[in-house]
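A single chain, nothing else alongside it, follows as structure tokens in the form predicted alone.
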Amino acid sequence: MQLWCSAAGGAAWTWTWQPYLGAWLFVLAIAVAYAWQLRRLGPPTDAAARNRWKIFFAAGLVLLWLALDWPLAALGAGYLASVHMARYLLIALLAPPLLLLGLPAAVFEGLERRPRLMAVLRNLTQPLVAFFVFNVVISVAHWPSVVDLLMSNQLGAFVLDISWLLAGLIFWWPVICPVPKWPRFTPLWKLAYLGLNGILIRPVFLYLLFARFPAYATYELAPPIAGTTALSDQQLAAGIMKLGTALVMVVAMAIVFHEWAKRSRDAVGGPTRAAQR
């Protein structure tokens, strides 16, 4: 049994189930740490809020597990670049915001009492820095020579997956988390932050889309899967990268705009209702 999924090294694809123990332990460790944190906080003062946090966190953890375990991990590690890119969407763009939304408010209050940790967060999650870090990490982590090097062994594959997850957490942190406080990062700037990431054309996307030959040796040399070619699969991967990212950003922008409009209505309606009384 492999601890972490890496390229299969020329073995033909089979639908025989193969668990990846490292991925299971990684997800389980996160779940245990989260349960311990909730238990440490004591009885809930707001049961509805705690249930909402649990649902968000569980959803993020399920998406992370799906991306790290069979069959997506195996297909993405050594057979199909398109599945590799779908895993990126799950690990970097979909699981992180759900995990962050699942953190209780008391967790963020605790962070504010740790000046050293807050200093690190302030440096990493400043919106411009977070935007830059995310896009540099994702671009480098998808560059063919980097992917071919890392996917050849379990440690490299683990580094690649964790780099996606950490980059995603850094990217989403200033949008979702209340600390550190960025007063100038208003909803309007959040919309610009998300929108720019949605329309940004990364060099790796252009390279994958317009290359005349397969760019990834890992997927070019993989045993063929019926109905696909390495080049067409690579072009599909580029489309998933671009359109998938754009779709996630549009949904996030819609949520930010909705919350912004709701707070504006409440702010206007509050004084009006008070005057009517």
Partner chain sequence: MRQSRLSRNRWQRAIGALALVFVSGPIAACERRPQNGPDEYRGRVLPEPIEKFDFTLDDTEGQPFNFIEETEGRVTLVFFGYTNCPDVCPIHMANIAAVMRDFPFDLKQQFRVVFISTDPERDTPERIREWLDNFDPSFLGLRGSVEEVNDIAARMGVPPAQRVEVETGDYLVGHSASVIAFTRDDMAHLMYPFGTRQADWAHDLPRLATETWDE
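It should be emphasised that the depicted structure is a prediction, and the values quoted were computed from it without experimental measurement. Positions refer to the first chain, counted from 1.
We do not show the form predicted in complex with its partner chain, though everything after this point is about it.
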For this session: Answer yes if any heavy atom of residue 214 is within 4.5 Å of a heavy atom of its partner chain in the predicted complex; otherwise answer no.
Result: yes
For this session: Answer for residue 237 alone: is it within 4.5 Å of its partner chain in the predicted complex, judged on heavy atom distances?
Result: no
For this session: Find out whether any non-hydrogen atom of residue 222 is located within 4.5 angstroms of its partner chain in the predicted complex, and reply yes or no.
Result: yes
Exercise. Looking in the predicted complex, any heavy atom of residue 19 within 4.5 Å of its partner chain?
Worked result: no
For this session: Using a 4.5 Å heavy atom cut-off, indicate which stretch of 24 to 32, 244 to 252, 65 to 73, 223 to 231 touches its partner chain in the predicted complex.
Result: 223 to 231
Exercise. Out of 61 to 93, which residues reach within 4.5 Å of its partner chain in the predicted complex, heavy atoms considered?
Worked result: none
